[in-house]
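Quick setup: one chain, the form predicted alone, written in structure tokens, and binding and motion questions come after.
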Amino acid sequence: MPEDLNWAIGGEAGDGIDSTGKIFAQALSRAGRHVFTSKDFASRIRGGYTAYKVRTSVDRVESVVDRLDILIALTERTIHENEDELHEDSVIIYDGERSTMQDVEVPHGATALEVPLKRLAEDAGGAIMLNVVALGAACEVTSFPIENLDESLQKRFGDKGEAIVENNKQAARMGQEYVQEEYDQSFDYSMETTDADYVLLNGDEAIGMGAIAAGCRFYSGYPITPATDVMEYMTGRVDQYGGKVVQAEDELSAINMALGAARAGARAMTATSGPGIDLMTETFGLVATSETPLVICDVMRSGPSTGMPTKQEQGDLNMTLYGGHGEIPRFVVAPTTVSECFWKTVEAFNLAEKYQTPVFLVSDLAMAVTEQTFSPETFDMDEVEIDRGKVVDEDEIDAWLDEQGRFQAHFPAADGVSPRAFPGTADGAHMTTGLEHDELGRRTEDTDVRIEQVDKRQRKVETAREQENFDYREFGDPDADTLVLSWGSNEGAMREGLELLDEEGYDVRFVSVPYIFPRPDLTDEVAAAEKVIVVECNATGQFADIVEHDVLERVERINKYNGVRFKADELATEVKQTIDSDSGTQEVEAE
């Protein structure tokens, strides 16, 4: 694993934890260091524990770990919440002058730095800057050049005026100088800087960026954690390309607006989380029956019902696969990394239009809120390809008219994909309905036509299986006796976990699956392994059930459903214990 440093700030919601964490993450990124962040926050505006953690290294990092080196504790609870991750070299920065922090018990072995954060912030211009004072103190502890913080402060506060920016820079330096003057000791941390250039973004932002790059020109949504950042990213940006973002009154309105825009010829998308998917299911069947290309993004969170809105879970898999009455052709694509959120979004739009069917783009909270660094080349816009499918214009439409000159928008093509004419195309006028219909879109209950249209819609999936590359991503030892399967955001933790397992002499083959339907055939991979383990963040093992259904073999399961993402070292331990177990099928609940 890379040589890293793990930093965190914790306090209550409303204490500016998120913005402070982002400022530090951006400073590290601009200093040429890789960054991987995680958040722990309550579903409330003020109060309740919240934390922002940053793992950083000059080498690539792809997961969080069970170790915390530097902790800025704005509340006593912050120390208690992170006690298990602190070690004898950890440094805790807190304001000992605050009445709530005067009796703080620092875990044995850790170093306590009492820094009068509020008083120094007031001296710099205002108590509101106390978090920035703490950042300056952290820079001193880690030997991180404080100049790297300046650009992030400029970006964060630049629109508030130069005086505010200068006050924050001064606050940071006062924190740094206080540690220099009051603590005559050397710390064990030194963060190297490089000339590397990185982009820092989270999964929701990558989806929004991918949508714009893919040509999405209409987005409708209703704010819901953790999908709202998709809409926030696109707002203002898509307008520059002639697009529009609309905040609807609810999720049902959002998907219906997106459906209307797609029918009008625009590439359209909506994004929500589990409760919103429940509401959108009513329209989902209409999207498929009317053969309208639409991307529906589900950023999963803990459920059911309201559940835990700000906690991790991969519990919507069955909903995206089987949701809706009747038999609905669909695609389900699940990015496995933040960068793949961009590329799989582009692919989702192409699949939607090539096969004129809805596409579920499935992410989760862990990926949505994680900021991670990438080289700019990772998102090379010249590599983006847009395929709008069987769109016909005035020169091509004659081939799709019946004997009476009527456009056959639902023609039973051999590959299942009918011609598509945008509104305004000469001779392309047609109707479409959610009722069963004939090739002209007219309602019908004719039994032969019913069979013809159902078979036609289902052929799209088989055509896609033949024409598309629904393959998996593979890591580790391809000849290992142990096969680990997973999907979604677990890839990074498992990839780093492979390094830990290798150090202890465990050879593991890891297959990460980004396509849930259609999906790759894993029969040969499972047959070649002596032990198969499926890793996922839900209680029942929804993906494991699918694997067992496909390959007709039992698999072992590592399920985590406490609302917290997998960590690399934790996952390596669970895999090792499962490998060493002599039992048959064993379910392991990761703590």
Partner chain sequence: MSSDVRFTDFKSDKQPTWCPGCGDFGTMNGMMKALAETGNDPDNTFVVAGIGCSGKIGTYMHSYALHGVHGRALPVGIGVKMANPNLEVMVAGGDGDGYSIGAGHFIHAVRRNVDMSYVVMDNRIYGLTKGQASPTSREDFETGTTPDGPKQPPVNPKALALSAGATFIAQSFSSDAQRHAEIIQQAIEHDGFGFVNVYSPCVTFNDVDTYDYFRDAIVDLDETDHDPNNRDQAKDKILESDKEYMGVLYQNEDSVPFEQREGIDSSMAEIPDGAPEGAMDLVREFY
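Residue numbers count along the first chain shown, from 1. Model, not experiment: these values are computed from the prediction.
Omitted from view is the form predicted in complex with its partner chain, to which the following refers.
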query: Residue (of 272, 337, 283, 418) lying close to its partner chain in the predicted bound form, criterion heavy atoms within 4.5 Å; finding: 283
query: Residue (of 495, 156, 118, 217) lying close to its partner chain in the predicted bound form, criterion heavy atoms within 4.5 Å; finding: 217
query: Per-stretch contact check against its partner chain in the predicted bound form, the hit in 237-245, 509-517, 356-364, 173-181 (non-hydrogen atom, 4.5 angstroms); finding: 237-245
query: Contact flag, residue 505 vs its partner chain in the predicted bound form, heavy atom cut 4.5 Å; finding: no
query: Its partner chain contact in the predicted bound form: residue 259, any heavy atom under 4.5 Å; finding: yes
query: Its partner chain contact in the predicted bound form: residue 94, any heavy atom under 4.5 Å; finding: no
query: 4.5 Å heavy atom contact, residue 376 and its partner chain in the predicted bound form; finding: yes
query: Heavy atom contacts to its partner chain in the predicted bound form at 4.5 Å, residues of 409-439 in sequence order; finding: 421, 422, 423, 424, 425, 426, 427, 428, 429, 430, 431, 432, 433, 434, 435
